[in-house]
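Let's start with one chain on its own, the form predicted on its own, as structure tokens.
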Amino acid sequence: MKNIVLIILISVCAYSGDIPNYYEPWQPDYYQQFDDIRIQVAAHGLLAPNAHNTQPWIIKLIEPIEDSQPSTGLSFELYTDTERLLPETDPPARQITISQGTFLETANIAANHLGYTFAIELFPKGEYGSSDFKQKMQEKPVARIILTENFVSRFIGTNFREFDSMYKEIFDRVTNRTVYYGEPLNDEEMTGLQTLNDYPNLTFVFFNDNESLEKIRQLTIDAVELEATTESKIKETERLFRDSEKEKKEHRDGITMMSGGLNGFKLQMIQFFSNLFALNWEKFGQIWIKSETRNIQTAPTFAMIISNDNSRTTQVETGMLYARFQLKASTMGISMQPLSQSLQEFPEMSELYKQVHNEFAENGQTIQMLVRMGRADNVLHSPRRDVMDIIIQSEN
């Protein structure tokens, strides 16, 4: 018993106060250590929200072609990292493709802040399909980007640049998985967010009325319970759960308890005992159900992004809009968390998928995202890898 107490004390006191390696990318000056503007921009994109915090991005730097335009030297391509797919809960890789869009929009806002235009060409070699796409993902970039220095923007200064307030939120925004409180979003707040949408194929819808809230809460809780009690699905989430400091430092990705509001002494105790008494998938699922049910019930507002089609381009644009959406909400003190369970396309979820679409989407439309929104206490960031881990050099 004394030995266990001693080990606990050592574990609690071991933290030196230094910033863990997985938090370094969240520092506002992290990008400044790199000379290449493309890597600087990618370092910001790395902070974008993404499915299960898999960080499924590969950046290929395109080397300039001799006698080409100078801007060619500022080109890069974004690819999907096929080693970071979620085949059990996201079999068509729709959520992973949305995550490509969140990266692009975050990088776009950063580039504008740094004085560069960010020209995006989506799927320059064509889209990969909805089946047998893994090999094509490696061959076809999601986007080709050209960065060009914007001298007017540099001369005017950062305070006058579009989205500058959102730029500051890149380092502060977080997917908050705690209890929400306060009143529903008001008309002014909802209108301010809806004006961000310049995609004709996408629609923002907010839900504040009691009838809709009750339906969404029940559908979402049912979907959480289904996923959490289906062995292959919950094991995929469990595999990405980083419940120890060692795992966070080693992997620098995945889901942690920090965005659920746990930190300090309590977090260290839970991490320590989780190492001693590993949870099986069933117990892990039950804990997850309890936590998510509590959180879902407290949401005063839900929102959906609904599309007229479900193409890969639309999925990327959904991610771009969502990143913009969350950053703006963060400037307003509004927290949000995606609740994707009822939108997932694995067979066991098909009935709930039909229900949520029959209730809230028109024929032929796809609900790309469902999120809860409200006020919440501050939580810690999730881990991030080093930006050089996603950078590769072109063979040109």
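On a predicted model such as this, the values are computed, not experimentally measured, just so you know. Residue numbers run from 1 along the displayed sequence.
Form predicted in complex with a small molecule: not shown, discussed below.
Chemist: Which one, 45-53, 327-335, 348-356, 30-38, holds residues whose non-hydrogen atoms are within 4.5 Å of the small molecule in the model of the complex?
Modeler: Partner-contacting stretch among the options: 45-53.
Chemist: At 4.5 angstroms, heavy atoms only, are Q95, I98 and L339 all close to the small molecule in the model of the complex?
Modeler: Result yes, every residue of the spot touches the small molecule.
Chemist: Does the 4.5 Å heavy atom contact test between K233 and the small molecule in the model of the complex come out positive?
Modeler: Flag for K233 set to no.
Chemist: Under a 4.5 Å heavy atom criterion, is R177 part of the interface with the small molecule in the model of the complex?
Modeler: So R177 counts as contacting the small molecule.
Chemist: Whether R173 contacts the small molecule in the model of the complex should be assessed with a 4.5 Å heavy atom distance threshold; does it?
Modeler: Within the cut-off, so yes.
Chemist: Would R384 count as touching the small molecule in the model of the complex under a 4.5 Å heavy atom rule?
Modeler: So R384 counts as contacting the small molecule.
Chemist: Report the residue, out of I255, A228, L114, A143, that has at least one non-hydrogen atom within 4.5 angstroms of the small molecule in the model of the complex.
Modeler: If I apply the 4.5 Å criterion carefully, the residue I get is I255.
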